[in-house]
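In the block that follows, a single chain appears as C-alpha cells, in the form predicted on its own.
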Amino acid sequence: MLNTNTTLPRALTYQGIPIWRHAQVIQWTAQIASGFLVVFLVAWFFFNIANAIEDREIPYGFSFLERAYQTPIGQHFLPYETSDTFLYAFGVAAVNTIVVSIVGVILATALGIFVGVARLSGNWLVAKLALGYIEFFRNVPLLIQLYFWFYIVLALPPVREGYVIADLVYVNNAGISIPFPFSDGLAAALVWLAAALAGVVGGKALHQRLTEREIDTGQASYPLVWGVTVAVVVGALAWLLISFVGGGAPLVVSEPAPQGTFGRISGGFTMSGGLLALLIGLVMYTSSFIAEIVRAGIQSVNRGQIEAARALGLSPMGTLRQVTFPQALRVIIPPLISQFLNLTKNSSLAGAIGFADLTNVAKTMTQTAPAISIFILIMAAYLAMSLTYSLIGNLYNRRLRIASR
C-alpha cells in the first residue's frame, strides 16, 4: 500500500503524521485558540465597562486612598484612629479578616478532626452524636447560624450584670473579656518572639533527629521530652536576657477589670459579640465538612494496614496516630485546602452581625469613595489571601507526597 504521507511537504507533518490528524497538535491548537478567545472576551468585557464608566461619569480611581477615612472601625487588631488614611483603614480591615480566617482554620481543623474520628468510633452513642453534629451544621445555611449565635450573645446579661469568672474573665452581651499579653516595647516583644520561634524550630529538629536515632538503634532517646525542653529553655533564657538588658519583661499580661460609672471593661482583650458569633459560626459550619473529609480519608486506608498495626500491639489511638492518619493525609489535604478557602471567603458574611471585616468596612467606604475602585481592591485582597492559603497547602501536600514515596 502506498504511503501518501511521503508526498506531503515536511512543514505539514509532525512525527511523520499529517498535522490535522496528529492528536497532540490538535490539542495544542485547541488550547492556543481557547486562550486567545478567553483573552479577547476578558479584554472586551473590561473595555465595555471602561466605556460605560466614562459615558455615565461614574467616579473611579485610587487617589482617595491618601485621604483620611474619618470613620471609626468597631474592633481592630491594629492601632487605628479616624484620622488614618483609607489605605491604612483598608489594611486594618484586611488584618481583621486574616486573623479571623487563621484562628477559624485552626479551630475548625481541630474540631473537624475530632468529630471525624468520633464518627468512626465503635461506641454507638458517640458515632451517632458525631453524625448528628455533621448533618445539622452542614445543612443549615451559614448566615442562619451566624444570626443564631449573634442573638445568643445578645441574650447575655448587660455589662453590669454579666458573669465574672475568677475575677479574670468577664462574659456579657458586649462579648468576652480575657487576660491578654501586651508589650510596652514592640522591639523587645518581637525579639523574644523570634527567639522563641527559633527555640521551637530547634526543638522540632532535635525531636526529628532523636526519633530517627531511636528507630535506627532501638535505644530510647525520649525525642518529645528533649524537643520540648529545648524549646522551653531557649524561650526562658531569651526572656531573662531581654528582661535584664531592657529593664522589663518583653510581654506583660493585662487583666480586664470594670472601670467607671457604667462598669465598662478595660484592659485585657475583649472579643466583641460580632467576632465571637462569627468565629463560632464559621468553626461549627466548616468543621462539619472537615469531619466528613477526615472520615473519608481514614476509611480510604487499607484495612490490612490497621490489622497489621493492631497485630504488632499498637493501641487503637496509636494505630490512628502512627499508621492510619499519616496515610490518610494524602487524601485529606487537597479537599481540606478548599475548606480553608471557603472559610476565608465565608468570613465576608461578618457584616450581617456587625463585625468590621474587610467586606463590611469596604462597603462603608463606598459612601465617600468610588465603589468600583473599592470592590476591585476587595477582590484583589481575597484573591491574594486565597492564593496564599492554596500555595501553602499545595506545598505541604507536595512535601507529604514526596515523604510517602
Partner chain sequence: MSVVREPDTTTTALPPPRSETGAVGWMRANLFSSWYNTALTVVVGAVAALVAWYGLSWLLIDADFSVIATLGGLLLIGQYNTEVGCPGQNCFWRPQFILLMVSTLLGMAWVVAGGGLTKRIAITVPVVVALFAFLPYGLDRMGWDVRLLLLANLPALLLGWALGRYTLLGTWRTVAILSVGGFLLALVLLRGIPGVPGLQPVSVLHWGGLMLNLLLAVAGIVVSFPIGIALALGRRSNLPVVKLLCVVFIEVFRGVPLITLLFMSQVLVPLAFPENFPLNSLLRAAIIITLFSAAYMAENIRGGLQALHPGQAEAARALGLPGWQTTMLISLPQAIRNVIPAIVGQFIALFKDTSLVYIIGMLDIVELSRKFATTYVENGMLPYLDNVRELFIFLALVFWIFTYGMSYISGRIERHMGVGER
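Bear in mind that the values here come from a model prediction, so they are computed numbers and not experimental data. The term rigid core refers to the most C-alpha atoms you can superpose between the two forms while keeping them within 1.5 Å. Residue numbers count along the first chain shown, from 1.
The next section is about a form of this same protein that is not shown, the form predicted together with its partner chain.
Checking 218, 313, 79, 122 against its partner chain in the predicted complex, a heavy atom within 4.5 Å turns up for just one residue: 122. Taking a 4.5 Å heavy atom cutoff to its partner chain in the predicted complex, the contact residue among 110, 197, 143, 252 is 143.
Picking from 283 to 291, 232 to 240, 163 to 171, 202 to 210 the stretch near its partner chain in the predicted complex, with a 4.5 Å limit on heavy atoms, gives 283 to 291.
Its partner chain in the predicted complex is not approached by residue 296, whose heavy atoms all lie more than 4.5 angstroms from it. When contacts are judged by a 4.5 Å heavy atom cut-off, residue 382 counts as touching its partner chain in the predicted complex. Although the partner is absent here, residue 64 lies well away from its partner chain in the predicted complex, with no heavy atom inside 4.5 Å. Not displayed here, its partner chain is approached by residue 49 to within 4.5 Å at the level of heavy atoms in the predicted complex. Residues of 33 to 52 placing a heavy atom within 4.5 Å of its partner chain in the predicted complex, in sequence order: 34, 35, 38, 44, 45, 48, 49, 52. Core-aligned CA deviation for residue 338 between this form and the one not shown: less than 2 Å. Relative to the superposed core, residue 70 undergoes a Cα shift smaller than 2 Å between this form and the one not shown.
A displacement of less than 2 angstroms separates the C-alpha positions of residue 368 between this form and the one not shown, with the rigid core held in common.
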